[in-house]
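First come two forms of one protein chain, each written alone as structure tokens, so that there is a structure 1 and a structure 2.
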Structure 1
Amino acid sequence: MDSKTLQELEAKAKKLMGFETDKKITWCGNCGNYAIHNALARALVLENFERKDFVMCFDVGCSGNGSDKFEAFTIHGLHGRVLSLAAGAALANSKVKVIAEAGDGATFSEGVSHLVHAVRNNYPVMFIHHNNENYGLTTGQASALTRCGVKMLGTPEGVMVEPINSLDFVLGLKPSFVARGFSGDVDHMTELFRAGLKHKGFAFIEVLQACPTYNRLTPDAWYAERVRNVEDLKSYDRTDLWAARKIVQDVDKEIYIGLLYENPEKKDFVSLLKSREGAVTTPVEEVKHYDVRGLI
């Protein structure tokens, strides 16, 4: 390894460590959040993001506890409302990349209406959906994605209602970018996050995440036996919406991960606004200051 390459690696390592805070990490041992946190930091470094280039919006839940673990501009929002928060940030300042994170409870129950319109409007946001199939922070209640038969604290006899197929739900809204990763594969997640950071519209990235404390049905080993990389399908066309909807139907035996669907032709919300045509400044730069001392 030559000295130039070594210096570049050392610089990246230093930058990676610079995204860490001194806050104590309180996730359970073997929680998938460690891997997601690491993969996102790697992606930001590899895509040459500085702190000034992005803002992170966190929902309430185990994933939301990452808000003080990232040395960056972070906002911890209300339960289920992170996508409306992220949309506002993205529309106010399109010069920064907005990253949002939330769990399956917040996304598909409290915040499902926000998800619908975030996808429809194609807001310029990268959204990481932490799917551990339960409400982990409130000690293991079933979510809308918990599988039938799974016993949770709130459903000791087992979940009786069929879960929502999260990716089929999102694909039914005609999105511009849908991907799925697995918390047991940091390298693969890193590449998905890099693609999401470069996407100009709404990038929905689901991470199948182990919850070692409250959902022991689907640990990393369970997923490792079942996940398949969509890139191994030689004839797969990720611009084919119906092919994507077909491939996400199986969530039990062959679970495909990777960039499953992409529509690069779909314009993001900001590009559709007639009122912003020709604008060279962002709304946040156009805010004027008024002296209100005379009114007080």
Structure 2
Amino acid sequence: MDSKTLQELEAKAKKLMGFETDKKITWCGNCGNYAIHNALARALVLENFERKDFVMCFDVGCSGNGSDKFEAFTIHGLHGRVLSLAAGAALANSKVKVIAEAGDGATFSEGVSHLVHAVRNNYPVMFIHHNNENYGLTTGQASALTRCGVKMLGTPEGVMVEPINSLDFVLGLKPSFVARGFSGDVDHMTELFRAGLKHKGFAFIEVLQACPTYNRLTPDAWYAERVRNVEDLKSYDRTDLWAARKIVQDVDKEIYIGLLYENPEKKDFVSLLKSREGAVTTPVEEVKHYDVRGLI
């Protein structure tokens, strides 16, 4: 973090503290979720978000258990369904930024259909994909992103099928914003989240997340050795979908992080709606009687 940003954060320290809970936190020591929430709080403060300016939507899982640990308007929905819940919220009130969070179990198994359509429709939601490569809250079963051969609860012989490459999958859906960070670098995540908060459509931000209890294979240190910042790639064009698909293939040796892909041309869902063209109010502000006699 540069010194100017640091100064800004210091000046806004009170605000930052305001998001902090005094409740007992139930995540394991060194869980990546601490860093993620820390980065998110910073990003919100740096982007001058007040409580009334955003709503956080949580899936069910370890990340979801943070739903009452962030002192703001939050909603804690069902397992796998957070993207739909968030999309509905965002469409109802586009003046409020909707942030959704879910694990890889929720995102790539239980609710994978919602991921597909959230990307396709470019709903105005910033989504943080907590990728700890397993089902944490249910105590360590394999997810669709667990690596081949890893022994998990329920797969004692080791996972037999290849994992999904999360970002390749999402890029295949022609998204408008794809970024990746890792839970060992709060400053970098903060920058990604700031960019995500400013993005109008669906921002898919994956965090490679340490799970010290159930994922011994890829702790923060493992990632720290392997991550490469895409900004260091000289001629990288982040509006080039194929370039992005290419660099996300490697999830073992050189793992690229940063804002990997952006399509500024892709309109967010609300902007596409003819019925909402020119609307200055949101559906939340429009609940009143409408005379329907003219419609019949």
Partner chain sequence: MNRLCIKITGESGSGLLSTGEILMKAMKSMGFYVVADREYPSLIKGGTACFILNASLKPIRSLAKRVDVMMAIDKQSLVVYFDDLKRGGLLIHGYERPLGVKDIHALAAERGVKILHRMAREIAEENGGNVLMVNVVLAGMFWKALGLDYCFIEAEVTEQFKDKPKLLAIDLKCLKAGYEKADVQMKVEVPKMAAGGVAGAKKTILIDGNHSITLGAIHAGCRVYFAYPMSPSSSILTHFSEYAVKTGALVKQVEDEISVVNMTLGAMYMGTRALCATSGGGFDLMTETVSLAGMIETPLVVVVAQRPGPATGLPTWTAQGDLDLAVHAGHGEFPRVVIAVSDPSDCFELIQHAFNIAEKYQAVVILLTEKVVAETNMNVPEFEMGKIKIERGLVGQAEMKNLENSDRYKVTANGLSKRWLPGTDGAYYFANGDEHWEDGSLLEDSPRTAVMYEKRMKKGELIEKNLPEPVVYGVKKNADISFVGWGSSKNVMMDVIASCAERGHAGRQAGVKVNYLHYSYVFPLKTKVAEKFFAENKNVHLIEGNYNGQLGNMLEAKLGRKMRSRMLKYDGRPFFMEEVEAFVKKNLRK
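Just so you know, these numbers come straight off a predicted model, no measurement behind them. Numbers given to residues start at 1 and step along the sequence of structure 1. For the two forms, the rigid core is made up of the largest set of C-alpha atoms that agree within 1.5 Å on superposition.
In this pair, the copy labelled structure 1 belongs to the form predicted on its own. Once the core of the two forms is superposed, the Cα of residue 288 has moved 2.5 Å between the two structures.
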